[in-house]
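Quick heads-up: it's one chain on its own, the form predicted alone, in structure tokens.
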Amino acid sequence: MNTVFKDELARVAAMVGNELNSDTFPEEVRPSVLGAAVRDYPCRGGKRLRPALVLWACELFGGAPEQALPAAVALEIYHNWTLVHDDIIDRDDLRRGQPTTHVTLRQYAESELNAPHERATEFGESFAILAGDVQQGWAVERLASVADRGVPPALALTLVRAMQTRLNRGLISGEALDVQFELLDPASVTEEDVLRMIDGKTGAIMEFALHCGAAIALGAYEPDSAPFRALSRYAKSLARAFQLQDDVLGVFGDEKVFGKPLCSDFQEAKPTLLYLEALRRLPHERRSELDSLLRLPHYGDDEVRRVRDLLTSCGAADAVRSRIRELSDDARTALQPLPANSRRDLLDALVATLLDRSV
């Protein structure tokens, strides 16, 4: 991560953190434990990449970052409600090294309400769903408040409508496809299906963050215009490359650095492009061996080695790595028609930073 990029990301994180910590929206939520849950994830920190996309896109076109800051905060909150719901769907216990929202609320029900474990678990999940719902409302309120910073009210309304239609449908459709994949035979899922899922689950919010910043700077939300199409192409290629890199790290990464068990995608029988590429290349008997390594209760060193060998020997791993490079190049190419300034340089540097990673 180059110094300029790191410093700029830290600048964004500080701005967003200050806005979130001073926002009183969750204080009116009752009961207070729910209000605390609403504030929890957004205030935990993190990379703040989506707010950075909003602010950098605004500055890319000569806009004032102060006007776009509420939109940047809105995208961070919006992203976090999806994480709250994702953690319930995935039954995850930890988020950024701390208990997930539904686990924190389950613990509250056990310790403060004396609820038995099963009832406390139901309470935790129910209240976490409600926390995510409130966070979505909070995100809408923050985005609408760009009108208080000098953005024309009609544009503010247009952006809110776009968030609740274009972004909402795209992102949730991507998540739904991902959930549905778990009930399908992985071999029946096509590459197009997987890419459509990535475009929704990962790409939709990146695209909208960039569009928000650009719209505030240019005074209009025009997703079919050349600048917006360039940003869409950048977001799509970046999201796809990022997810493919995540798939590769999930098998070939260092478990201690990566932060979750290796081969978890195989344990869940997820039809990643890495798996589909191997299925296409392996001879029949080795395809059967690969499928025998799906849904195992535990992946020790031997199982991980066998998965790695199958993916490497047939060339699937190298093919996916090559695809990542192609997508990265395409993301950079998409930026070329846009204004040549320091913010375009940051978007270019983001490609390398997200892909040259171990977590």
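In case it trips you up, residue 1 is the first one in the sequence shown, and so on. Since the model is a prediction, treat every value here as computed from it, not as a measurement.
This next part talks about the form predicted together with another copy of the chain, which is not shown.
- Contact with another copy of the chain in the predicted complex, defined as a heavy atom within 4.5 Å, holds for exactly one of R91, R280, K260, H117, namely R91.
- For the options H85, K201, R95, K236, the one in contact with another copy of the chain in the predicted complex, meaning a heavy atom within 4.5 Å, is H85.
- Screening 203 to 211, 240 to 248, 118 to 126, 217 to 225 for residues having heavy atoms within 4.5 Å of another copy of the chain in the predicted complex returns a single hit, 118 to 126.
- Proximity of T100 to another copy of the chain in the predicted complex: non-hydrogen atoms within 4.5 Å are absent; the residue sits far from the partner.
- Proximity of R325 to another copy of the chain in the predicted complex falls outside the 4.5 Å heavy atom cutoff.
- For E255, no non-hydrogen atom is located within 4.5 Å of another copy of the chain in the predicted complex, even though that partner is not displayed.
- In the predicted complex, at least one heavy atom of P153 sits within 4.5 Å of a heavy atom of another copy of the chain.
- Taking another copy of the chain as it sits in the predicted complex, the stretch 97 to 117 comes within 4.5 angstroms of it through a non-hydrogen atom at Y108, A109, L113, A115.
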